[in-house]
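Given as structure tokens, the chain that follows is alone and in the form predicted on its own.
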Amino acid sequence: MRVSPNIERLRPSATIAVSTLARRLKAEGRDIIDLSAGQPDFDTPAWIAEGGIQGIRSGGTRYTPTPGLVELRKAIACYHQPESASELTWEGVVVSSGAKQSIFNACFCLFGPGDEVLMGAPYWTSYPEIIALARAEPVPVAGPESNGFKLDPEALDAAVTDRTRGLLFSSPSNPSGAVYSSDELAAVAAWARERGIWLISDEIYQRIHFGPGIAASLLSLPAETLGPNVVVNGASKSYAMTGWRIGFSYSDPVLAQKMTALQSHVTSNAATPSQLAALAAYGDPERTNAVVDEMVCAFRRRRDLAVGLFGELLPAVHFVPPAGAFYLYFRVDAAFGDGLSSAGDVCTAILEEEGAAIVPGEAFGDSRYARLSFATSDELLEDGIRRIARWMQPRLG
């Protein structure tokens, strides 16, 4: 089939591919523990869901303005104001159908043919595809492995060219769980500002942070230290609302208008009942933060369980200590051999032989690594890690 050059290089999501294989094996009657999920295992808090339900019952099923309900945009700006060093204006908020669409809006509006966009590596699997859809060139760049691959000016200097127009990265990171400190974030922001490079900060896991408070944000940096930038966040991860599909971008209102125009021709507004549920969350910060704290407490306990089990069962296996999100990113290349030459080979073997599903590092730009999610029960998490260890131990020498 002849297809458009726009999608010739487009690849399906590797994380979805793993989940699909795990579901197929499970449907065949196999005992499968799925540690590939990129979503909380908690239900959406009942009072947030009720906001969507009541919205439907009261007629909230019609179009809204493309960038979202004004009251939701105002609530998002107010919710994030306490962490911001500058006054947030609701006109800079564009509500989209998930953070993924917010990233797409930004990249499609800012980049085009001939442009290069640096991506913090390891990167979320959709970053290179989104950049490529904008007809720009994705360029992976990694900081020191010893510092969780976090970007620094030295690593960025080695990758920048006169075609570089953007830098896209996440903190807390998917897949590594690494979190930038305020100083590290400020150094990256200063580097981008000095070169006039657009900085897109994906902060969708911001509130799932195992240190004190929430993870540092571009919003928390003084305005005079920032160049052109877009902050992406949303309700999906922190509030267990992945299926509601509510993300948002925050930027200069002029760019927000451009992204609104694009979105008006792609999807129009995010689903109205979903916006009303999100309004219940963002409009009641005290209640919302309390339930987030409960979920983070569970994620922290599971993080400690996963790290402890790796220390006990696989002490020679290197991993990035997760300071946020809900992933453990660990090396599997010591198990290469006997026909296995990539993380994809290793993850397929573990799934087929031991029934534990994890995501190969090829999805994130590094075939030496794999990612497991600890967004599951303690019991399933421990069973899954023991299965992984049972497969890996004899192959580590």
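Being a predicted model, the structure only gives us computed values, none of them experimental. A residue's number is simply how far along the shown sequence it sits, counting from 1.
Below: the form predicted in complex with a small molecule, not depicted.
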query	finding
One residue of Lys150, Lys100, Arg302, His209 in contact with the small molecule, assessed in the predicted complex (non-hydrogen atom, 4.5 angstroms)	Lys100
The single option of Trp198, Phe319, Tyr205, Phe111 touching the small molecule in the predicted complex, heavy atom within 4.5 Å	Tyr205
Candidate stretches 336 to 344, 60 to 68, 35 to 43, 22 to 30, one within 4.5 Å of the small molecule in the predicted complex by heavy atom	35 to 43
Contact at Asn174, Lys237 and Tyr327 by the small molecule in the predicted complex, all three, heavy atom at most 4.5 Å	yes
4.5 Å heavy atom contact, Ser274 to the small molecule in the predicted complex	no
The small molecule contact in the predicted complex: Trp124, any heavy atom under 4.5 Å	yes
The small molecule contact at Thr376 in the predicted complex, heavy atom, 4.5 Å	no
Distance check, Ile16 to the small molecule in the predicted complex, heavy atom within 4.5 Å	yes
